[in-house]
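Okay, so here's just one chain, in structure tokens, the form predicted alone.
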Amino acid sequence: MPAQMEIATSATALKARTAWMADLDREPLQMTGTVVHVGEGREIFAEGDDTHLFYKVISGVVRVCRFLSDGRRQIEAFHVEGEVFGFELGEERTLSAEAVSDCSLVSYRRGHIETLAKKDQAVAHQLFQYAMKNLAQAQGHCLVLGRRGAAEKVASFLLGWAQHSMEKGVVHLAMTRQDIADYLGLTIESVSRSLSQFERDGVIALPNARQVRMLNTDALEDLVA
């Protein structure tokens, strides 16, 4: 286990662990995992590491990314509560994962879970569901990257992230604008210009760098239609 990853002991992490344990009846893998806490900005695993562990997010946001030889970063996905990441086919990781915010995660041993899946249909079904959800997320990301302009990409990102918001009409962004740019294949300047233009047009309001108020969702949806 990486040095920066700790068995859940903080009040926030213990609260997350309690919520995780309360979900035992609906989660066949629950008894096989260990709850860990990862601080904001910390590495969870790195490209080239072995793949003996995979993770489920209990709280917080995780980014999965690849660092290119020229120093650029490509963010492949953001993972939120209930999503699984780090389940790769090979023996060596092709991506890195980092905590965007303070995170509580469930850590699973891949070999143990694969053995259980051979014996327990419920576990096999759960793994299949996780795989399908990750595939759908990857397909959605490809569609976003395929959009023609920066404004379309940013609008699509805001609409997608709004689905994770607990407050209607308000999008809370755990990530920075640089994160958004690296996810959308844009420069940070293009992301900032698009957000500023949306604000001038009365489509959104930007109370601060990490909050977006959706004033005209229809306009954003028309842009990405």
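This one's a predicted model, so the numbers in the text were calculated from it and none came from an experiment. For every residue, the number given is its place in the sequence shown, counted from 1.
Just so it is clear, the following notes concern the form predicted together with a further copy of the same chain, a form of the same protein that is not shown.
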Self-check item: Answer option from 176, 51, 165, 187, heavy atom within 4.5 Å of a further copy of the same chain in the predicted bound form
Solution: 187
Self-check item: Site test, 96, 191 and 206 vs a further copy of the same chain in the predicted bound form, non-hydrogen atom cutoff 4.5 Å
Solution: no
Quiz item: Pick from 165-173, 36-44, 195-203, 64-72: which stretch has non-hydrogen atoms within 4.5 Å of a further copy of the same chain in the predicted bound form?
Solution: 64-72
Quiz item: Can any non-hydrogen atom of residue 133 be found within 4.5 angstroms of a further copy of the same chain in the predicted bound form?
Solution: yes
Practice problem: Indicate whether a further copy of the same chain has at least one heavy atom within 4.5 Å of a heavy atom of residue 109 in the predicted bound form. | Solution: no
Quiz item: According to a 4.5 angstroms non-hydrogen atom cut-off, is residue 127 in contact with a further copy of the same chain in the predicted bound form?
Solution: yes
Exercise. Using the partner position in the predicted bound form, report whether residue 151 sits within 4.5 Å of a further copy of the same chain, counting heavy atoms only.
Key: no
Quiz item: Going by a further copy of the same chain in the predicted bound form, which residues of 84-103 come within 4.5 Å of it through any heavy atom?
Solution: 87, 88, 89, 95
